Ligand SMILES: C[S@@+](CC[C@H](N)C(=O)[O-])C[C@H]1O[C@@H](n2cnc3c(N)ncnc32)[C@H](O)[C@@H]1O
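Here's a solo chain for you in structure tokens, the form predicted on its own.
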């Protein structure tokens, strides 16, 4: 199959999976049944390749995702882990079976099982709301080189997801927000720029993503607050 989408950097299995998904073909979900997908819940190729490139360039072997859905971003992240020699991707989605027919988790499991580099533990699905799930992961001592936040898009939910994810982001690690066209997401980005000096923005050239890298521990005073006008 020719690569009209520009996915040459990905391994063949990952490229073919994405080509099918972007073409809108029915995808296999729970119990091996095929289900239709819509084109409103996905990341673009540009966004996906940005995630892939960030992981590969930084040698990331542990990734976290808030919001699995059909698994578009998951395919890019698993491809990066395979390129980096292995690792684990953890996806949080309480509605994976209810709203998405298990398509994202089925796709991820199929790609992992067909890999000679990834193992049965390379994909972990947490079917729970992100706030308790992230807290549980922190209590378990988890750390992630890249976290992709693309779950519930209200300002307060995204800010909570970032705050909890930041506790598991080591110095040098990255957190990426999706859908910067939304006021809620751009407001969270503005808060981070002005109130989290332990993070620095990464310029990716992809306008719909906001990416930051951890450069220090959180040393803010307990009274710290800087106003964050948007725009």
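Positions refer to the first chain, counted from 1. Keep in mind the model is a prediction, meaning the values are calculated, not measured.
The same protein has a further form, the form predicted in complex with the ligand, not shown here; the description that follows concerns it.
Novice: Tell me, out of 117, 95, 143, 159, which residue has a non-hydrogen atom within 4.5 angstroms of the ligand in the predicted bound form.
Specialist: It is 95.
Novice: Out of 80-88, 106-114, 135-143, 149-157, where are the residues with a heavy atom within 4.5 Å of the ligand in the predicted bound form?
Specialist: Result of the contact check: 149-157.
Novice: In the predicted bound form, does each of 43, 100 and 130 have a heavy atom within 4.5 Å of the ligand?
Specialist: Yes: 43, 100 and 130 each sit within 4.5 Å of the ligand in the predicted bound form.
Novice: So, in the predicted bound form, is residue 49 in contact with the ligand at a 4.5 angstroms heavy atom limit?
Specialist: Taking the distances in the predicted bound form, the answer for residue 49 is no, it never comes within 4.5 Å of the ligand.
Novice: With the cut-off set at 4.5 Å between non-hydrogen atoms, does residue 37 touch the ligand in the predicted bound form?
Specialist: Taking the distances in the predicted bound form, the answer for residue 37 is no, it never comes within 4.5 Å of the ligand.
Novice: Are any of the heavy atoms in residue 177 no more than 4.5 Å from a heavy atom of the ligand in the predicted bound form?
Specialist: Contact check for residue 177: no, nothing within 4.5 Å of the ligand in the predicted bound form.
Novice: Is residue 123 close enough to the ligand in the predicted bound form to count, meaning some heavy atom within 4.5 Å?
Specialist: Residue-level check for residue 123: no, no contact with the ligand.
Novice: Heavy atoms within 4.5 Å of the ligand in the predicted bound form is the criterion; list the residues of 60-84 that meet it.
Specialist: The stretch 60-84, when checked against the ligand in the predicted bound form, contributes 65, 66, 67, 68, 69, 70, 71, 72, 73 at the 4.5 Å heavy-atom cut-off.
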